[in-house]
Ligand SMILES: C[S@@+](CC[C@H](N)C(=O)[O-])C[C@H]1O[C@@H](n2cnc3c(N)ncnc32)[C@H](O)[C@@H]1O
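For reference, the chain that follows is the form predicted alone, supplied as structure tokens.
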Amino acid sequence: MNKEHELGAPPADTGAQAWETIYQADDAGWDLGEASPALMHLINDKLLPEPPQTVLVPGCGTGHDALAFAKAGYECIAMDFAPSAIAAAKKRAEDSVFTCIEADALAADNGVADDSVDIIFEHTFFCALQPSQREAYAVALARMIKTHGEVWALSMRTKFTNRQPYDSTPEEYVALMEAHGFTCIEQTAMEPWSHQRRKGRETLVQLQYQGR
């Protein structure tokens, strides 16, 4: 695995084939081989809305976070547009304990109905998008989430401005989402619970969707 990819890979574009090539080469350096320690803190300390809730994990990769949600009793949807990532997630799903969808999370026809998701957990997805795709990201999340549903996003600072993983501040993320009907509930520095590769760089941003 190329350690330069510790947070994400720098494909020439953000299309599915570029990411598929990385998964086929087993070079997905952002894959920790386990659920995010920050997510496990949220689950184990019961900080998330209690199940049953429908949770969407966009850009799920090989499904570690989705499996953690499912084991905690949530109805989880794992979504990625790289076929090899979804194939790995399906193997991890253990008798369909969570739903896997091979689709572009930003697409209107991605298989998730409007106003159908209670929680969206986002981790290393926003930073993998081109900055020009951020508006579409906010629109997609606002379409899929229920009114008063919540987004729990790990906003991660990086050193890159011209390739993945693209840097952004928690404040920039909040401003984008507030322009699309979300209200910021809380921001929390996650250093005590972050993976060692990401300590000091992750901020949990919790938002609630107020509706169109």
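In this text the structure is predicted, and so the values were computed from the model without any measurement. Start at 1 with the first residue shown and count on from there.
In what follows, reference is made to the form predicted in complex with this ligand, a form of this protein that is not presented.
Novice: Do heavy atoms from each of Cys184, Gln206 and Tyr209 fall within 4.5 Å of this ligand in the model of the complex?
Specialist: The answer is no: none of the three residues contacts the partner (heavy atom, 4.5 Å cut-off).
Novice: Considering Ala72, Ala87, Ala93, Ala128, which brings a non-hydrogen atom within 4.5 Å of this ligand in the model of the complex?
Specialist: Exactly one listed residue reaches within 4.5 Å, namely Ala128.
Novice: Can you work out whether Phe98 and this ligand are in contact in the model of the complex, taking contact to mean some heavy atom pair no more than 4.5 Å apart?
Specialist: The answer is no: Phe98 has no heavy atom within 4.5 Å of this ligand.
Novice: Would Asp118 count as a contact of this ligand in the model of the complex, using a 4.5 angstroms cut-off between non-hydrogen atoms?
Specialist: It does not: once this ligand is placed as it appears in the model of the complex, Asp118 has no heavy atom within 4.5 Å of it.
Novice: Consider Asp167 of the chain shown here, and say whether it contacts this ligand in the model of the complex, taking contact as heavy atoms within 4.5 Å.
Specialist: No, Asp167 sits far enough from this ligand in the model of the complex that none of its heavy atoms falls within 4.5 Å.
Novice: How about Gly149: is it within 4.5 Å of this ligand in the model of the complex, going by heavy atoms?
Specialist: No - in the model of the complex, heavy atoms of Gly149 and this ligand never come within 4.5 Å of each other.
Novice: Would you mind picking out the stretch of 39 to 47, 54 to 62, 170 to 178, 141 to 149 that comes within 4.5 angstroms of this ligand in the model of the complex, counting non-hydrogen atoms?
Specialist: Heavy-atom contact with the partner occurs in 54 to 62.
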